[in-house]
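One chain comes next, on its own, written out as structure tokens in the form predicted alone.
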Amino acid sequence: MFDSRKYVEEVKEHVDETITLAGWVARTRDLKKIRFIVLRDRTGEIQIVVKPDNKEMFELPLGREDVITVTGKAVTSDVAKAGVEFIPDTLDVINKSIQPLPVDILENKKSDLDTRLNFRFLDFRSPSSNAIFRVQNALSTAFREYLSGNDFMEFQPPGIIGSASEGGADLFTLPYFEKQAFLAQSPQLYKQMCAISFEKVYTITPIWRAEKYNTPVHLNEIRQMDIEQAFADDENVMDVLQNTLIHMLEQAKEKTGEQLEFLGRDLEIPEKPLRRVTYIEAIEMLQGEGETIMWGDDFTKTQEKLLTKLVGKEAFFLKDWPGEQKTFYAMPYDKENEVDAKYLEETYGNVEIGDKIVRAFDCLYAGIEISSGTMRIHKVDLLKERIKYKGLNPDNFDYYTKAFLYGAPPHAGWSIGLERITMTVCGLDNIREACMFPRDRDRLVP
């Protein structure tokens, strides 16, 4: 039925030829002597012109979002915005839409977010939502493209796990036959187990956090984009991150420039190499601006934006975090190691600070933390020690720690939240707009 269908973007290549178009009725305008029907498909809109001499088509009742097919000819027009308009020979209604629509997809008077999410399938057709998810698609495609092109292999972690991935209490529990199980809060442990065999791996996977927040920047289910690399440290994977991020932004700008322009975004592509700022330097910068913050504190969203202003870069790294701020698998500096000791002395003038900091980093872009990563602990005794330090039972991680008893190389990795980077790139105020079907404390449908 649709084998010979053409898309709106192809119409100019077939002027004066008989072709078939299919899509939705975006809007109509009925005058006494002429009728205009705007058809929309995934590539754009075109104006269909119907004259009174075709009485059946002229009087055919049509509502917004009715699905139609039209067969006829495209002709050049000095009046139509696209430079062409369509003169139909036949018009068939495939499916009618209930009127009135529950959301304003023309965005003349934008519907509230809850209503839009309740009718998400319709909201996707609005210009803003359509633009957001085309940008998101460009970002995720570029993520896969860059890493696959640099010899990383995609892996698939489980969504149901038997113990906490990162510790803490923010897990969803569920019965699993005669056992208790959890929804994965991270693919962390599994990507490490893959990296120590395949060396370079990545994934895009859903994760779940049972945090009782109800804010514009939190979701309880997100898509996480992760990498893990063997024979690598934190500096190595920071280089991978900066290259991946820049490729993602470049591709988003190239592939979805029209959508970004519609959203009022002019992407600034960061220059390489991204600056490395130590946690201590960041604390001192903020204290110099009168911020109440001490060693061991995390940065607030406001402080992240202020730091971006103080650093003067669109994107940069915050590295060498206090161990208490990061998870149990973050590798501490080894002050007995000659290379680490030299770094600690040159950077801090104090080798003993190696007892306090770990080889961990965050990446800030446009004033928002979009990624975090660490060099991981690959030595079992130290790993068990850090698990205990975090108040966890090493016996619960036996399946994980034993993986490092069989020749585990040093490795490191990071993750980016797909919704978080989409929100940042598109300049959104609420992360739910960057998630197709958001899950939060109050929303389980659609």
Ligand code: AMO
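Everything quoted here is computed from the prediction, not taken from an experiment. One-based numbering along the sequence shown.
Beyond the structure shown, there is the form predicted together with aspartyl-adenosine-5'-monophosphate, which is absent from this document and is the topic of what follows.
Within 4.5 Å of any heavy atom of aspartyl-adenosine-5'-monophosphate in the model of the complex lies no heavy atom of Tyr333.
Contact check for Ile431: a heavy atom falls within 4.5 Å of aspartyl-adenosine-5'-monophosphate in the model of the complex.
The closest heavy atom approach of Glu281 to aspartyl-adenosine-5'-monophosphate in the model of the complex falls outside 4.5 Å. Although the partner is absent here, Val84 is not a contact residue: none of its heavy atoms lies within 4.5 angstroms of aspartyl-adenosine-5'-monophosphate in the model of the complex. With the partner omitted here, the stretch from 66 to 74, 373 to 381, 40 to 48, 53 to 61 that lies within 4.5 Å of aspartyl-adenosine-5'-monophosphate by heavy atoms in the model of the complex is 373 to 381.
A heavy atom within 4.5 Å of aspartyl-adenosine-5'-monophosphate in the model of the complex is found for exactly one of Phe317, Tyr329, Tyr202, Trp321: Tyr329. Listed residues Ser140, Ser128, Gln224, Gln229 were compared with aspartyl-adenosine-5'-monophosphate in the model of the complex; Gln224 is the one with a heavy atom within 4.5 Å. Each of Leu219, Glu369 and Gly417 comes within 4.5 Å of aspartyl-adenosine-5'-monophosphate in the model of the complex, counting any heavy atom. Residues Ser186, Gln188, Lys191 are the ones in 172 to 204 with at least one heavy atom within 4.5 Å of aspartyl-adenosine-5'-monophosphate in the model of the complex, listed in sequence order.
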